[in-house]
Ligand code: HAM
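Consider the single chain below, provided in C-alpha cells and representing the form predicted on its own.
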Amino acid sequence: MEINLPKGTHDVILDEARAYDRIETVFKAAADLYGFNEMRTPVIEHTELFVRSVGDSSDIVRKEMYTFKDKGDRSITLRPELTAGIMRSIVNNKLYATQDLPLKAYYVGPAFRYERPQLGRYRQFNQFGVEAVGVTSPYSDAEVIMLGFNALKMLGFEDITLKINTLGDEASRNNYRVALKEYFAHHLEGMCEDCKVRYEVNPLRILDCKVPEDQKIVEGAPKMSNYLSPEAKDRFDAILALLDAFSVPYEIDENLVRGLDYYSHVVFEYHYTTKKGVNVGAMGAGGHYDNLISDLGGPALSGVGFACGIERVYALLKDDELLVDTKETTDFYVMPMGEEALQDGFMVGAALRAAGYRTEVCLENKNFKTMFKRAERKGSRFAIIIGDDEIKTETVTMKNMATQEQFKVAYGDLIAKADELFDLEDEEHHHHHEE
C-alpha cells in the first residue's frame, strides 16, 4: 500500500533541493558578511515558550500550533517560528554574560504551522533568519534591515520594496491602544469573530485583519504616527535617514503591525514585484523587540531580527527565471565496458574522488549509447571510457562532453590531467566573464 505525504507538506528533491541549498548558501554568506554566527535549536520546545514569547493573542498561538503531550505528560510544541528558541538558548546558555554584545545569530531550519495550505505556504516550511540582541541603537535596526535587503539582492531580486512602520515605545502603544479601542467600539458589531477576540486581547491585531469588509473599517482607524512619543519618533526618523543614505527604497505603511505580539518600534516587510508586474506580497519580514529576553527570564535586552521563508523565495526565483546552477553537474562519468573494466573503473573513480572531483562510475553492464545518455543527464563535463584496449595499455580514453574531443591518458597521469583540464576550464570561464 502506498503511503502519501501528510497534507500541507512536500518533498524537496532534485533541482528544487539544489536550489534550496543555493538560497541558503547565499543567505548564510550575507549573514557572515555582517558578522553573524549560526545557532541551531531544537524543533520541539515547551509550549509555554511560544505562549510567553509569540503572545497568546497571535493567530499562531491561538490557531496554528502543533501541540501534543509527550510521554512524561509535558506539553510540547513543534516550533512555529525560530526566534523564540534562539532567545531561550541565549538565556539558558547565559550568552549575554559570556559573549560581546550584540549577540548576532542566524538560523535556518524547518518550522510548523497548522494553516490552510496555499501557494508557497506549507504546514512544514523552512525559514532563514537573523537576530541581533543586546544593542538598542537605531543603527542596529538599520543594519539588520539592510542585511535582509542585500541578501535578497544577492539572490538576484531587483524590484524589492521595503514596507516599514513603527509601533513606538510602550507609552506610544498604550496611548494608541486606547484610541483604537475607542474607534473600533462603534464598528465591532459587524466585524469578524477574530476581530472581536483581538479587540479584547490586543486591538493592534485588528489592523492585520484579512477580511475585505473589515479592511475598509481599518482604513478609517487612527494612525500610529499621531500617538508616537518624541523619543519613538526620533528613533524611527534616524532609521529612515540611514536607509536614505544607502539608497534603500522604502514605503511607510501605517497598517503594518506584523503577526507576532513581541514587536515594538520598527517593523518591516520585504515586498517584491515580479517581472510580470505582480506584487506577491512579503518575501520576508521582521522587527525590533524589547522584552523577549526578559520575558524568558534573562536581563532587559533589546533585539532586532527578520526571517524569510525559503519556499516562498524559491517559488519567486523560479517564476522570474532567476535560478542559476540548479541542474545536476558531474565532473567525470566513468564508463567501464564489461566486468573486467569495472574493477579498473572503480579504482579510477576512487582516485578522482580522493582528488576532489565529483565522479560517478556506471556500476551496471550497459551499452555505450546508454552510458553516454546518462553522462549527459548527469551534466558531466568529461566521460572516461575503459575497455579491453585501455586495460591492456593501462590508459583511459577521456572525452570532453562539450567539444566531443577525445584523448588518451595513462592511469598514472590521470589526476595531473584532470587538474590541468579544470584549470583550463576555469580560466576560459573567467575570460568569458571579463569580456
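Heads up: residue numbers just count along the shown sequence, starting at 1. Quick caveat, the model's predicted, so the values are computed rather than measured.
From this point on, the text means the form predicted together with the ligand, which you will not see here.
Only one listed stretch (327-335, 162-170, 285-293, 347-355) carries heavy atoms within 4.5 Å of the ligand in the predicted complex, and that stretch is 285-293.
Checked against the ligand in the predicted complex, the candidates L147, I239, V133, C308 yield a single residue with a heavy atom inside 4.5 Å, and that residue is C308. Shown without its partner, this chain lists R205, R312, R88, R235 as candidates; in the predicted complex, only R312 has a non-hydrogen atom within 4.5 angstroms of the ligand. Contact with the ligand in the predicted complex holds for none of D59, Y176 and F184, as no heavy atom of theirs lies within 4.5 Å. Contact check for Q127: a heavy atom falls within 4.5 Å of the ligand in the predicted complex. By the criterion of a heavy atom within 4.5 Å, R79 is excluded from the residues contacting the ligand in the predicted complex.
For the chain shown alone, K196 is not a contact residue for the ligand in the predicted complex, no non-hydrogen atom being within 4.5 angstroms. Although the partner is absent here, R121 lies within 4.5 Å of the ligand in the predicted complex, judged by heavy atoms. Residues of 12-51 are not found to place any heavy atom within 4.5 Å of the ligand in the predicted complex.
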